[in-house]
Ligand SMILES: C[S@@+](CC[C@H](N)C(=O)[O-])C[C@H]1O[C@@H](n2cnc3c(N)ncnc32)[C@H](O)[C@@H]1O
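First comes one chain, alone, set out as structure tokens in the form predicted alone.
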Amino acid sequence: MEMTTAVAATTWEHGRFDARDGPHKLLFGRMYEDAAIEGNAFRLGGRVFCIASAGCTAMKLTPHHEVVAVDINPVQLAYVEHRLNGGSSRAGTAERILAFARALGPLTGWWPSRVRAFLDLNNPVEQMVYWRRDLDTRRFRAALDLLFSAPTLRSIYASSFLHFLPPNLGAVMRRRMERCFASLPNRTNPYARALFLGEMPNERLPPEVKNIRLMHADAATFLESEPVGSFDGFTLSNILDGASVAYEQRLFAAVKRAAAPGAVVVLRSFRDPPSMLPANHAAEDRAMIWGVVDVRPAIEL
């Protein structure tokens, strides 16, 4: 694993969701980002810059792309290296939060057997009937509103991770779930099973994972140091959620500098999409949680 010096530039450098001082933590044991979006957006054989996170997207892209996976959190990057060497998945902070929420599910009518039956459905029409009849209960809506309320979120997350979120987030997240249930089959959606059951299958690693280049760095700093025109694709996760306008401008400038002709960028966000966003693919992302999955030519940033 290669290492380079990271520049203090983003909220993510803290390596924690809260604002407390302390060691960096493993934030994500898996990625809740549908890598099929990137697979369809990037040209085969291209060189791809990837936010490492839990390594899922990098591993899915590497059979058909040259992947460079970068993360500012050294604990997160060490975990990716562990997975690339055949290590099993582990729960991060995000998974522990989700596990706590799932443990309260029976209080709202979300018994595990009922959820499994729902996730075994393969017809969006049947899924919506089941959802409205058995899962989208008054108690569930009240619990989700409480879980995503400002006081609850402030007890878990630093303010920099919250100011950009839409109001009435519980209702927003329900609409995003319904958008997925109404259009995509549950049975073949591994992201739904991860979200609602906590299932984190240890998938067989493609042999090409040995070619993934891992770098400990801030994304903008790394791209500023790379040769001009050296990447054909960029998958940036939701790196700009909580970032300053100045950092966004710096990152976009670095991406455009490092972009080869025809390069494509995929950028996610929990924000509600702006009114004019012609390239939003959030409805196609099976992870269902995103407000924005922006897919566009790097030159248009």
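Predicted, not measured: the structure shown is a model, and the values here were computed from it. In case it trips you up, residue 1 is the first one in the sequence shown, and so on.
FYI, the form predicted in complex with this ligand isn't displayed, but the following is about it.
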Give me the residue from 48, 265, 51, 37 that has a heavy atom within 4.5 Å of this ligand in the model of the complex. 51
Only one of 253-261, 26-34, 272-280, 40-48 gets a heavy atom within 4.5 Å of this ligand in the model of the complex; which is it? 26-34
Residue 223 near this ligand in the model of the complex, any heavy atom under 4.5 Å? no
In the model of the complex, residue 238 touching this ligand (heavy atom, 4.5 Å): yes
Do residue 70 and this ligand come within 4.5 Å of each other in the model of the complex, heavy atoms counted? yes
When the contact criterion is heavy atoms within 4.5 Å, does residue 76 count as touching this ligand in the model of the complex? yes
